[in-house]
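Below, in structure tokens: the form predicted alone, a single chain.
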């Protein structure tokens, strides 16, 4: 397994983010007062068609296709909303060191008069546009995710900060009994200490709980992280920061289906097309895929514990083979998807229970980790 670590992306300070917003505002002001033309803003197009898989950086990088929003009769409201959102971000969040959720932003706009948002999807989309235009992820702009980050257990000490007095709070993730520590929505300020050999990111909460219940992290000396499906931005950022800080490899363990491969794992490793403008913060290029692979079905005698591929599975796999730059770059993933399509089945993580409830932690994981042969 390649343990080379990518260069950690630089965190943007609140002061630098505030200055960037001022620069945008000055450009618009200059268009009006000096160039005597209609002001405009350019936004990167956020789609898989506008990204490339950067093999050196290890994630999807956005290309140069942009959309221009010029002030006109038809765009006056959206343009005004953009300016007001930039002002709110600078004045109320960055300059005051405050935070806001997407829902709070939507309701805050009700005081904006004619440029208020009528529905939250409007404000959500515009915030994504502003994030892309500035090239700064919205967590660093002061916007907190609504979703929870994921759960952590194992030999890891996390140093958090008490917001009331600025003092350190020490969390021992191996000493939480039968539970686990929940990743907060903001993780940039966290510090770490660990002697773990690797991080194991697990898709399903039920399998994560089994591993925690039997304290698998002690036997394997690893940090367990529950992704609960496609990992949230906070979860991905946490894994990336932890892996960079501790210089340890990351392994992913998901269901053996196109969603686990092309959505959960692919998003964790290289990011997504829609978020290509900030993938460098949220992807984990050093992660490798442990399982469940189509070959595992054969190697571990799980043929009668599978499910037929559904139409949506087949479509997702074929789309990935045809359009996904990451899949197209790695022959190993092409072969895995083609093998799965040929077999016509998918398999869940829990299928190993066919051989016994703890087979996955007593036999499967130790063998796969010892062999050290993982998909890229």
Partner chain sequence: MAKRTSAVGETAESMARRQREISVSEFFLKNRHLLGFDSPRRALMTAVKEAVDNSLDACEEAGILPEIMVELEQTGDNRFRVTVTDNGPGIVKTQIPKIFAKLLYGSKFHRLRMSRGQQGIGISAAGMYGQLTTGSATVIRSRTKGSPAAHQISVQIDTRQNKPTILSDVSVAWTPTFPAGSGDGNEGDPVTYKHGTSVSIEMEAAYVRGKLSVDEFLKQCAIVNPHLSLHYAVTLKKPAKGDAEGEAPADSIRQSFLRAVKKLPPAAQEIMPHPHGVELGMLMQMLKDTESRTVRSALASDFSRISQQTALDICVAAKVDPKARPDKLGPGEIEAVYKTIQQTKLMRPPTDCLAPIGEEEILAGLKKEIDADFYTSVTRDPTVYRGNPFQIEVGMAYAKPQSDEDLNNENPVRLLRFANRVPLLYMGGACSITKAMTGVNWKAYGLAQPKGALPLGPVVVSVHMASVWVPFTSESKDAIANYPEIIQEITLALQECGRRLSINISKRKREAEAERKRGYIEKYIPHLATGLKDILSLPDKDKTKIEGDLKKMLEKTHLEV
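Residue numbers count along the first chain shown, from 1. Rigid core: the largest C-alpha set superposing within 1.5 Å between the two forms. All values derive from a computational prediction rather than experimental measurement.
The next section is about a form of this same protein that is not shown, the form predicted in complex with its partner chain.
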*Ok, 287, 86, 201, 242: which has a heavy atom sitting within 4.5 Å of its partner chain in the predicted complex?*
86
*asked:* Please tell me which of 345, 320, 28, 336 lies within 4.5 Å of its partner chain in the predicted complex, judged by heavy atoms.
replied: 28
*Residues 36, 77 and 90 all lining its partner chain in the predicted complex, heavy atom within 4.5 Å*: yes
_its partner chain contact in the predicted complex: residue 182, any heavy atom under 4.5 Å_ = no
*Exercise: residue 32 in contact with its partner chain in the predicted complex, heavy atom 4.5 Å*: yes
*Do residue 112 and its partner chain come within 4.5 Å of each other in the predicted complex, heavy atoms counted?*
yes
*So in the predicted complex, does any heavy atom of residue 71 sit within 4.5 Å of its partner chain?*
yes
*Name the stretch: of 324-332, 310-318, 337-345, 36-44, exactly one has residues whose heavy atoms fall within 4.5 Å of its partner chain in the predicted complex.*
36-44
*asked:* Rigid core aligned, does the Cα position of residue 215 differ by 2 Å or more between this form and the one not shown?
replied: no
*Per-residue C-alpha change between this form and the one not shown, residue 116, threshold 2 Å, rigid core fit*: yes
*Taking the rigid core as the frame, does residue 28 move its C-alpha by 2 Å or more between this form and the one not shown?*
yes
